[in-house]
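Just the one chain here, laid out as structure tokens, in the form predicted alone.
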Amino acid sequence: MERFFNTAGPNDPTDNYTLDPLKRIDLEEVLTLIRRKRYFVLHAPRQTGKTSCLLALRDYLNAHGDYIAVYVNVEAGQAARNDVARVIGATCDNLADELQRVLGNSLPTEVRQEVARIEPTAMLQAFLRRISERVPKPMMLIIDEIDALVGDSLVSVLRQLRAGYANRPAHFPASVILCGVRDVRDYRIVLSNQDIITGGSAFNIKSESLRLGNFTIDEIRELYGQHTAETGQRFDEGCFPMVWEATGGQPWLVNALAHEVTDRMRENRDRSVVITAEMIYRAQERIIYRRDTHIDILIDKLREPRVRRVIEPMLTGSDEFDPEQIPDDDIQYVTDLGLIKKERGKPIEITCGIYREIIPRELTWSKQQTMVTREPGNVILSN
């Protein structure tokens, strides 16, 4: 069965056209940080390929034998919000499951049972300490979707990691990567008692913050070239400038356009059909109007006041948009979401052509929906 362009979840090179994930991160820098026993951050917008890169890094480290590397996704804890006991318990459960798969023995389950009665505010620290003391190599911990946690739960995870930091590597993970949409220093965390702290104060042991970028146009050519090599179906040269303008290299959009034009457009399943720029344009419009998951996530973010504070002035025209009048934190937040880009010496702009199509349409529609009219006999509720 031929491979296909992936638009859902981490890439599996067996099934999906895939760029080498270890080439998308600065592997030499990452390995240097790990060897130096650093705790650091990798962040990027959603559906950029972070998880694929982290899983590849885990497998690389385990294959080379110097570390026991374990990956855990804590996104499920989002539903528990400020319930520290549930979040910490679930995180320890997931870690035990993942470690048991890596180690191939029951040690993680035994340690999980040992710490079951420890207070949640110290349980994760105790679990990681006991595991680190009993595995034969230094432990390397990768925590994905860390910013899915909120409030007390997020602070508890960060503080328990910080509490064990001084005891690494014999009694705590030698190195930790936190991965999410934003840099941990930018977190503004509201606790259940309404106190506000920053991620930087809760996790001041972070040494570096790395950002995973979009594809380059050469990487787009390489990815699409895998399809051509395996099926014989060519992309006309005029496709690539259009794909670049439409996506800005955003990995989900790049894959979605190719999937749409080579698979969902049934007439193009005939691999003798050459993909043209006009087909790419039609695929782009179909994705926009169908509102796939990625587009829905984008639209949901546009409802946030701090996003609108940045985006709406940009749409009024370049002469009226003054970044100096907008809080730096808001601009950084919208940049981290992948909605805008800042390049040295250039004005801030919306990231890519597809977003430039969607954002004005959605903001105009949203304004219409929130207007309250007072016509006799009608009651129209605003959002």
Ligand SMILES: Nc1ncnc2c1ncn2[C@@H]1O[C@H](COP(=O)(O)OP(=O)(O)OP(=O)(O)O)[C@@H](O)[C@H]1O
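When you see a residue number, it is the position in the sequence shown, counting from 1. Source: prediction; values computed, not measured.
Absent from the display: the form predicted in complex with the named molecule. The rest refers to it.
Is there a non-hydrogen atom of P251 within 4.5 angstroms of a non-hydrogen atom of the named molecule in the model of the complex? Close contact exists here: in the model of the complex, P251 approaches the named molecule to within 4.5 Å, heavy atoms only.
Looking at the partner-bound form in the model of the complex, is G338 within 4.5 Å of the named molecule by any heavy atom? Looking in the model of the complex, residue contacts with the named molecule do not include G338, since no heavy atom lies within 4.5 Å.
Classify S175 as contacting or not contacting the named molecule in the model of the complex by the rule of any non-hydrogen atom within 4.5 angstroms, answering yes or no. No, S175 stays farther than 4.5 Å from the named molecule in the model of the complex.
Answer for L19 alone: is it within 4.5 Å of the named molecule in the model of the complex, judged on heavy atom distances? Yes - in the model of the complex, heavy atoms of L19 and the named molecule come within 4.5 Å of each other.
Note which of F203, F127, F215, Y224 lies within 4.5 Å of the named molecule in the model of the complex, where distance is taken over heavy atoms; exactly one does. If I apply the 4.5 Å criterion carefully, the residue I get is F215.
Within 4.5 Å, heavy atoms only, one stretch in 274-282, 94-102, 252-260, 130-138 touches the named molecule in the model of the complex. Which? Looking at the partner contacts, the answer comes out as 252-260.
Need the contact residues for 135-152: heavy atom within 4.5 Å of the named molecule in the model of the complex, sequence order, or none if there are none. Read in sequence order, the lone residue that approaches the named molecule (within 4.5 Å, in the model of the complex) is E145.
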